[in-house]
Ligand SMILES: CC(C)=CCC/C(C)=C/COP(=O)(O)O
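What follows is one chain in C-alpha cells, specifically the form predicted alone.
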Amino acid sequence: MPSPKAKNPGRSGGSPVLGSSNGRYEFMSLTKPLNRSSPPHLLQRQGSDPTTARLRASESPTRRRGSSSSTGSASGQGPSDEDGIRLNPSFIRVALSSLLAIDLWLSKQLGVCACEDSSWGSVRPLMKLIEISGHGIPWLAGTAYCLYKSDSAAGQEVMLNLFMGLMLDLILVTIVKAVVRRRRPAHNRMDMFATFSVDRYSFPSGHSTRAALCGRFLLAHLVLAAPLRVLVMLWAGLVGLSRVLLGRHNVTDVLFGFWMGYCQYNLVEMLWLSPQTLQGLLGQLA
C-alpha cells in the first residue's frame, strides 16, 4: 500500500520537494538562484535568506552605477575633480579682470582734455605743450648739443651718461610696447608730435619713463636750488598726468612708466662711464 507521504509530499514539514528520480527525493539548495517559473513559496523563502540578500545588495543598481562611474574616471572617460576645478576661474584672474575694468573706467573719466569739446577742452593746448616737453626728440637733441658745447670733462661725462640713458629708455620702451601691444584708449586722438610705428601702442607710457629717468638724473647730478628741485619733480608729475588727461594712455600705463623710468636710472648708474673711459673713447674718435 503506497504511503500517504508519497502521495502528498508538499504537506510534509520537511524541505520542499522539486522532483524525484528512482524513488529518491532531490532537494533544491536555497543558495542557488531560481527561475521565475519556480513555485512562489520557494521564491519567498529565497528572499528571506541572508546570503541571497547580500548577493542582491552587491548587484543593486546603485552599486553598479558607482562602480561604472569609478571605472570611467579611472579610464579617463568620466569627469574628474581636477576638471571641475579648472572650470572655476582663479582668484588672480578675477582680480586682474576687475583691476583692468577699473583702469579703463578711471582713464575714461580722467580724459577731460581728449578733444576740444571735452569738459576741459580749453586746457588741451597747455597739456600738449607739456607733452612736447617730455618727448624724446627734444631731450636727445638738447643733450647732444650740451655734450658738444661742454668745455669741462665733468660736464661731458654727465651729458654723455644722460644721452646713454635716453637711448636706453627709447630701446626698452620700444621693446615692451612691441611685446605687450596694448591699444591706446578709444577716446584718444592720434595727433601727437613725431610718432613712430610702436606709438600706436599704449603700454607703457614713454613720456612717463623719460620723465622719471630725467627727473632722477637731474636731481642727482646737477646742483639745483630748492625751488628748481621742486619744479623738476612737479614737471615729471605733470608729464605723467597730461598723458591721462589727453587720453593718450591709461592710468596703469603711466604708473608702470614711472616705475620703469625709476629702475632705468639705477641701470644707468650701474653702467656709468667714468672720466677715464670717456677720455679713451674720445681719443679713439679723434
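Start at 1 with the first residue shown and count on from there. Being a predicted model, the structure only gives us computed values, none of them experimental.
There is another form of the same protein, the form predicted together with the named molecule; it is not shown, and what comes next is about it.
Student: If the named molecule is transferred from its position in the model of the complex by superposing the C-alpha atoms around the site, does the shown form leave the pocket open, or is it blocked, with blocked meaning at least 3 ligand atoms within 2.4 Å of a backbone or C-beta atom?
Tutor: In the model of the complex, the named molecule occupies a site that, on this form, remains open once the ligand is superposed onto it.
Student: Here the chain is shown alone; which of His135, Arg182, Arg189, Lys108 has a heavy atom within 4.5 Å of the named molecule in the model of the complex?
Tutor: Filtering the options by heavy-atom distance leaves His135.
Student: Taking the named molecule in the model of the complex as the reference, which of Val94, Ala178, Ile171, Ala194 has a non-hydrogen atom within 4.5 Å?
Tutor: Residue within 4.5 Å of the partner: Ala194.
Student: Would Leu140 count as a contact of the named molecule in the model of the complex, using a 4.5 angstroms cut-off between non-hydrogen atoms?
Tutor: Yes, Leu140 is a contact residue.
Student: Taking 4.5 angstroms as the cut-off for heavy atoms, does Arg124 touch the named molecule in the model of the complex?
Tutor: Result no; Arg124 lies far from the named molecule in the model of the complex.
Student: Taking 4.5 angstroms as the cut-off for heavy atoms, does Gly165 touch the named molecule in the model of the complex?
Tutor: Heavy-atom contact with the named molecule at 4.5 Å: absent for Gly165.
Student: Mark Asp103 yes when one of its heavy atoms lies within 4.5 Å of a heavy atom of the named molecule in the model of the complex, and no otherwise.
Tutor: Outside the cut-off, so no.
Student: So which stretch, 144-152, 110-118, 200-208, 157-165, is the one near the named molecule in the model of the complex (non-hydrogen atoms, 4.5 Å)?
Tutor: Stretch with heavy atoms near the partner: 200-208.
Student: Which residues, if any, of 236-255 lie within 4.5 Å of the named molecule in the model of the complex when only heavy atoms count?
Tutor: Residues within 4.5 Å: Arg243, His249.
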